[in-house]
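Shown below, as C-alpha cells, is a lone chain in the form predicted alone; questions about how it binds or moves come after it.
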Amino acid sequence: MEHNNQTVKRKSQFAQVIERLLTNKGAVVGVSILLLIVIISLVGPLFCPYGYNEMILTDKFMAPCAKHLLGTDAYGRDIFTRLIYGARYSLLLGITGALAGMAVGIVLGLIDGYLGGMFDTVFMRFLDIWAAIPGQLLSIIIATALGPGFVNTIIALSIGEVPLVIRLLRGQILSVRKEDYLEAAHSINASPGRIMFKHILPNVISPVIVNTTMNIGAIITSAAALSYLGLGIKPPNPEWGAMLAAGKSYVGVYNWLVLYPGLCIAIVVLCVNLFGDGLRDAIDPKMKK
C-alpha cells in the first residue's frame, strides 16, 4: 500500500512538472520548433530531389531560386538538402555530447559524493585543474589529438561538460547524505552501488537534467566551431559548422553559403535555451527569476 502511494506521489509530481512546462510559452515554442526540425531532418530527405553530396557543376554558386531554394555551393550541391541532412549531425552531436558528459559526470560525482573524506579532497583538487581549462580549448586539444570524426568529436565535446556535472551532483549529494532514507539503507547493509543509484541518484538528478538540457545548445555551437576549424565532422558530411567553414572563403560574394547554416545554428540554440529555461522553472519554480 505504501509503495502504491509513493508511485502515485511520483506520478503527480511528474504531472505537475509537465503542467508547469506547458504553461511556459517560451518552452512550448522552443520544443515545438525543435520537434519540427527533428521531423524535417528525418523525413525531409525522402522528398529532396538531390542527394546531399550530389554535384551539379553547371549549377555551382547558383543564388536561391525555384530550382535550388537556398542556392548551391562551390560544387553545385543543393544547400537546402545539405541543411536538412546536416540537422541530423548537429542535433545528434549536441544531444549525444551532452548525454555522454552527463553520464560520466554522474558516475564520478556519485562515487566522489558517496566516498567523501580523503578521496573527495584529492579528487576535487584534480577536478580544479580539469575545470581550469576552458571547455572550448579542451575540446580543441582533444579533437586535435584524436583527429576529426563523429565519435572523436563527441568525446572532445563531452569531456568539457564533465566537471560541471560532477560539482553540481556532489553539492546535491552533500545536502542529502544525512537523510533518514540513506541511514535506513546503510542499516540493512545495502550495497554501495544500490545506495548510489537507487537511493541517492533519483533524489539529486533533477538539477543535472536541467543543466544538461541547457548545455545542449552550447555543445551544438562548440561542435560547429570544431567543424569550422576542420576538427569536427569530416567532409563531405553536411554538418552545419562544416558548411560554414566551406563557405567562409566566399562570404563576401555568395553570402547564402554561410547565412543559412548560421541561421539554423542560431535557431536551434535559441530553442534549446528556451526549453531549458522552461524546464528549470518547471522542476523548481523557486529558481524562476
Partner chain sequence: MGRYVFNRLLWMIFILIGVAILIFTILYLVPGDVSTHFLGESATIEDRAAFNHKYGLDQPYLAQLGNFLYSLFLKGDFGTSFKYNTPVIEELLVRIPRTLFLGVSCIVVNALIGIPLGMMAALHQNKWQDTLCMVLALLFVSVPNFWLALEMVDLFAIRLGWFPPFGIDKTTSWVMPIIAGSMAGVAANARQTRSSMLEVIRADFITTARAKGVDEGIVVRRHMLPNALIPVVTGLGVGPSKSIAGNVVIERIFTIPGVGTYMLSGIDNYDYPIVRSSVVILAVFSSLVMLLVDIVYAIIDPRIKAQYSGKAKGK
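From a predicted model like this one, the values you see are computed outputs, not experimental measurements. Positions refer to the first chain, counted from 1.
Here the subject shifts to the form predicted in complex with its partner chain, a form of this protein not shown in this document.
- Residues placing heavy atoms within 4.5 Å of its partner chain in the predicted complex fall in a single listed stretch, namely 250-258, out of 65-73, 250-258, 46-54, 29-37.
- If you check its partner chain in the predicted complex, you find no heavy atom from any of Asp78, Thr81 and Val151 within 4.5 Å.
- Proximity of Leu263 to its partner chain in the predicted complex: non-hydrogen atoms within 4.5 Å are present.
- Taking the partner from the other structure, its partner chain in the predicted complex has a heavy atom within 4.5 Å of a heavy atom of Tyr228.
- For Ile133, a non-hydrogen atom is located within 4.5 Å of its partner chain in the predicted complex, even though that partner is not displayed.
- Put simply, Val269 is close to its partner chain in the predicted complex: some heavy atom of it is within 4.5 Å.
- Residue Ile142 is the only one of Ile95, Val107, Ile142, Leu168 with a heavy atom lying within 4.5 Å of its partner chain in the predicted complex.
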